[in-house]
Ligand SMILES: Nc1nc2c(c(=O)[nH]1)N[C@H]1C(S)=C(S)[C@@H](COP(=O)(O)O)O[C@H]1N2
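Presented as structure tokens, the chain that follows is alone, the form predicted on its own.
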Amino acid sequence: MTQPNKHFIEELRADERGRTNVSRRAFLSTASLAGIGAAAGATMPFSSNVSGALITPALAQGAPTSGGAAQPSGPQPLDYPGKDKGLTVLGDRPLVAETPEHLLDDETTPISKFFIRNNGQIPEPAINPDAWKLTVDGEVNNRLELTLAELKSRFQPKTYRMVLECGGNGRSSYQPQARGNQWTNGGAGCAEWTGIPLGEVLHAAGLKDTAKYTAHYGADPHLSGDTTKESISRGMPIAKAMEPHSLIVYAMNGESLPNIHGGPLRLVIPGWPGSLSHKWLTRITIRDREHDGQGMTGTSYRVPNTPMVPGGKADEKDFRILESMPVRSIITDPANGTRLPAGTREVALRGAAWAGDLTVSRVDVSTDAGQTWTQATLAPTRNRYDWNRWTATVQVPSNGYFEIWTRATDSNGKMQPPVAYNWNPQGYGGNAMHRVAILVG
């Protein structure tokens, strides 16, 4: 895996000072267009008024405010036990950190590189994980109360490698800026999850004919500390809950599920927003109607049926629940900001792609802003909901500055757009093409 050239990046950052007032982070980046132009010995004009979704990757990183010394902006490095220091903090209350695309270059995402998304406070680690209790109640014939040890002994575990993705992944590509953590593409990872199929547990509970929807509850306290409030409580239709890959998980990459990732027990509901994959799981209630818990109403994890004016007022009656996540591809090597030796004419690429409930039919890459495309080679997946690792080789005609674009197409023929579309107040579904900047020579 190539790493961004530190000297190159320092040059770019130094040259960037005072050149632009663009401060928005769109696409993970480390340098300005003006800086790369200077490094390449050329003048490269730009405008600070273009849409953030159209800004070149080299310009996307923030610059200092006018009238004084540079001010810290953008994401800060994560400092958390067991986590790669390359992760970046998007929020500290609750703790949220994303994984830069170049750190997602492993076939199976290591725990150390897996993104962090919380909605409330982080509970203390369980002293005796096997004694952790899960209750299943509501529209069932047999109310269940099972310890983790009983779950393991009573049901046959399954292990799948599956993508888990935050519903707001890609949010930073929306203009005007949507509410919430400004994810680039790093709110996703693909780990090996071991657990019990949720459908088998629900079958043991005996679903009534009135069972329509699940409701999830966990041990994470509300940020306010108010014990009467849930930090989040989402749910899904019974059909999704009964799908074989929907798991009650207790292990990640062959290790006991870490506390920061919801241990000792969580849900993993692949293909749909990660908020459904409740951490520190304590109860699943089966309801006779659509769940209306925290994170289920208004515009939370919902997108408009009728395209709305960006930045306009939302008509909550015209919103639908976000279910399957959109198709996405990322370049994991080379990293954005990579400097290659002079004379390089062939660049090997690696990346990943996934498509919610669907599959990826193809991935294409471009070095000329989408004028021409080269089809990538897709590696086979292990199981449904695994991501597609892909490889490609592209030609560059000379030394200089180049952008590499990637787009994926799903099994329904829907392709990643060049910009985020269907603006919504919470910024869900932003799957604009990923781009990285490289300098040859």
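These numbers come from a predicted model, not from an experiment. Numbering starts at 1 and follows the sequence shown.
What comes next is about the form predicted together with this ligand, which does not appear here.
Even though the partner isn't displayed, in the model of the complex is G274 close enough to this ligand, meaning a heavy atom within 4.5 Å? Although this ligand is absent here, G274 would touch it in the model of the complex, with heavy atoms inside 4.5 Å.
Taking this ligand as it sits in the model of the complex, is N118 near enough to touch it, meaning that at least one heavy atom pair lies within 4.5 angstroms? Yes, N118 sits close enough to this ligand in the model of the complex that at least one of its heavy atoms falls within 4.5 Å.
Touches this ligand in the model of the complex: V360 (any heavy atom, 4.5 Å): V360: no, not in contact with this ligand in the model of the complex.
Does this ligand come within 4.5 Å of any heavy atom of A355 in the model of the complex? A355 lies outside the contact set for this ligand.
Hey, of 205-213, 134-142, 276-284, 343-351, which bit sits against this ligand in the model of the complex at 4.5 Å between non-hydrogen atoms? After filtering at 4.5 Å, what remains is 276-284.
Note which of R266, H291, H102, R171 lies within 4.5 Å of this ligand in the model of the complex, where distance is taken over heavy atoms; exactly one does. Contact residue from the list: R266.
Only one of Y301, Y160, Y250, F319 comes within 4.5 Å of this ligand in the model of the complex by heavy atoms, so just point that one out. Spelling it out, the residue with a heavy atom inside the cut-off is Y301.
Is any part of 132-170 within 4.5 angstroms of this ligand in the model of the complex by a non-hydrogen atom, and which residues would that be? Read in sequence order, the residues that approach this ligand (within 4.5 Å, in the model of the complex) are L164, C166.
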